[in-house]
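Okay, so here's just one chain, in structure tokens, the form predicted alone.
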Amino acid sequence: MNIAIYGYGNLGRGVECAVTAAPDMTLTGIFTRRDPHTVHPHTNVPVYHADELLAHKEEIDVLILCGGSATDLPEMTPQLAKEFNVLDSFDTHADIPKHFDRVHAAARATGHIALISAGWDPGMFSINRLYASAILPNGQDYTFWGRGVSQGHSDAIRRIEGVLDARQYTVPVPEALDAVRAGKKPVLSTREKHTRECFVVAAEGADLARIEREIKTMPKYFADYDTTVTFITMEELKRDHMGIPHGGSVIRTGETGWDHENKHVIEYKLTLDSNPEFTSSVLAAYARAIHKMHTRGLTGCYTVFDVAPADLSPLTAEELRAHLL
């Protein structure tokens, strides 16, 4: 299958690597809104300006969209679903139903297929929440994120006056995690589940007390969490905080038996050196899946809930039964 990439930031670079490693995929092009001459991919794949996309329509089986969820994907995905089979990693959970409806209408109208919100949360974590709740209907779900870099929260800190750069880590509270894993079914507030660690490079002469106060009181980002702020040098940040690790756990605790006497814990855990590269690998697998689904005549928009596990794999059904079942 022929795959193309739209957007070449951290996610696009990860998709280039994932598609190149796949035995059944060919990367036919990278499309960017920047000057193509300023984009230097790892492979010798051609780079085109986004305005040239329609001219290459016949060369593309699936177009992987690597834009941001805040402003790019809400417009980009439904627009491009009119012309291509597409998938994205849209991750604004509250807006997924509205995004799905718009993409579904666009793809269905022109006979294309789309898949939204592929990644690890939403994505792999979503699937595991579904599996666990179906298996243990009498139970409770918990999701913990981290320890890992939150790119959105880091960007929010960088927008504060006097901040040159920053990294913010989301960290599960160990006592909360232990209580859940022990099957104690705790009722946890936002503050009781996660803490925030901020490493900040401030401009010379900046008011450090004001910066710390603005971080800790920032609504929707830090105000509801126990937050620590550590001021470091640019050299320390580049030495110790340049990676983009992340991960977390989806845990469901439940009970079975006539008297609910038997306790069970299901946990799905991810430990990721690179958040964007792992997300890219998920996108590549789902690109394979929707290509298979489209060849069977399916159109419209889908999510990870609608995809059969076998469609994610390059192995045949016979090979799956022989080696993985």
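Sequential numbering from 1, following the sequence displayed. Because the structure is predicted, anything quoted here is derived from the model rather than measured.
If you look for the form predicted together with a further copy of the same chain, you will not find it shown, but the lines that follow are about it.
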{"property": "Sole residue of Phe199, Tyr142, Phe100, Phe84 within 4.5 Å of a further copy of the same chain in the model of the complex, by heavy atom", "result": "Phe100"}
{"property": "a further copy of the same chain: the contacting residue among Ala209, Ala109, Ala134, Ala203 in the model of the complex [heavy atom, 4.5 Å]", "result": "Ala134"}
{"property": "Partner-proximal stretch of 70-78, 232-240, 115-123, 168-176 relative to a further copy of the same chain in the model of the complex, 4.5 angstroms, heavy atom", "result": "115-123"}
{"property": "Partner contact for Thr303 in the model of the complex: a further copy of the same chain, 4.5 angstroms, heavy atom", "result": "yes"}
{"property": "Thr32 within 4.5 Å of a further copy of the same chain in the model of the complex, heavy atoms", "result": "no"}
{"property": "Asn10, heavy atom within 4.5 angstroms of a further copy of the same chain in the model of the complex", "result": "no"}
{"property": "Exercise: Gly297 in contact with a further copy of the same chain in the model of the complex, heavy atom 4.5 Å", "result": "no"}
{"property": "Residues in 238-270 with any heavy atom within 4.5 Å of a further copy of the same chain in the model of the complex", "result": "Thr256, Gly257, Trp258, Glu261, Asn262, Lys263, His264, Val265, Ile266, Glu267, Tyr268, Lys269, Leu270"}
